[in-house]
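A lone chain, given as structure tokens: the form predicted alone.
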């Protein structure tokens, strides 16, 4: 992933913070906020194309869902979040870029229980190009595994769940790869550290079930695009030995879009026709 040109806490611009636009460098919180200590903030990642956020309402709705899965309510409606996002994108004069909404629990208490904390929300928008610099990336299988849905709220974008992803990706980068492929607690193929996984097998699109992963908005979009092309989409349990059957592999996500995979461990894959077609279809859709 390309390094940002400026530190995230030292930029010009405006951030929507609890209902108001504030100067970028003044958007601060206390070091004793509950979510900093216990990982119960929730967030979204959204892409801006031609000045508009792609599938904005779906992202705002999922932020609410994530908070509900962590047992709290956001103080702003989906419609209010949509309006605030459009405002901050316009005020920062962004034709393309990335949006990061975040909700967290305040500093009213320090114990494990979050009861009594106030819920806060911010929305930041900033320029951000391609997630990977490479046309096709190399993955390494991680020793870290996605947990059981009985151990974590797998369908939420909860900050605490990304501890595993950070560990996996940093180890992959240190080993000379671009990202990590994660298995789940049963040893099945799961996802990369921030993107969903697809295999092309016998001309069909195969992807893991959502038991232990986020059901990505881009994932659903690409599945729909594939079906419109007459490509069969199969959601199922997939085990690592089936990587040998795949003729193409790619990842999907708001940040990565449709990203070809050139290799997993020592096994190599071409950028094939289905990946190329879905890349083109997705690019056309988000910019339409």
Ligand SMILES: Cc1ncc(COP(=O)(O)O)c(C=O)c1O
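Bear in mind that the values here come from a model prediction, so they are computed numbers and not experimental data. Numbering follows the first chain given and starts at 1.
This protein has a second form, the form predicted in complex with this ligand, left out of what is shown; the following refers to that one.
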Would this ligand be touched by all three of 195, 214 and 252 in the predicted complex, meaning a heavy atom each within 4.5 Å? yes
Using heavy atoms and a 4.5 Å limit, would one call residue 191 a contact residue for this ligand in the predicted complex? yes
Is residue 157 near this ligand? Define near as a heavy atom within 4.5 Å, in the predicted complex. yes
Is residue 162 close enough to touch this ligand in the predicted complex, meaning at least one heavy atom pair within 4.5 Å? yes
Using heavy atoms and a 4.5 Å limit, would one call residue 218 a contact residue for this ligand in the predicted complex? yes
Quick one: which of 235-243, 66-74, 27-35, 252-260 gets within 4.5 Å of this ligand in the predicted complex, going by heavy atoms? 252-260
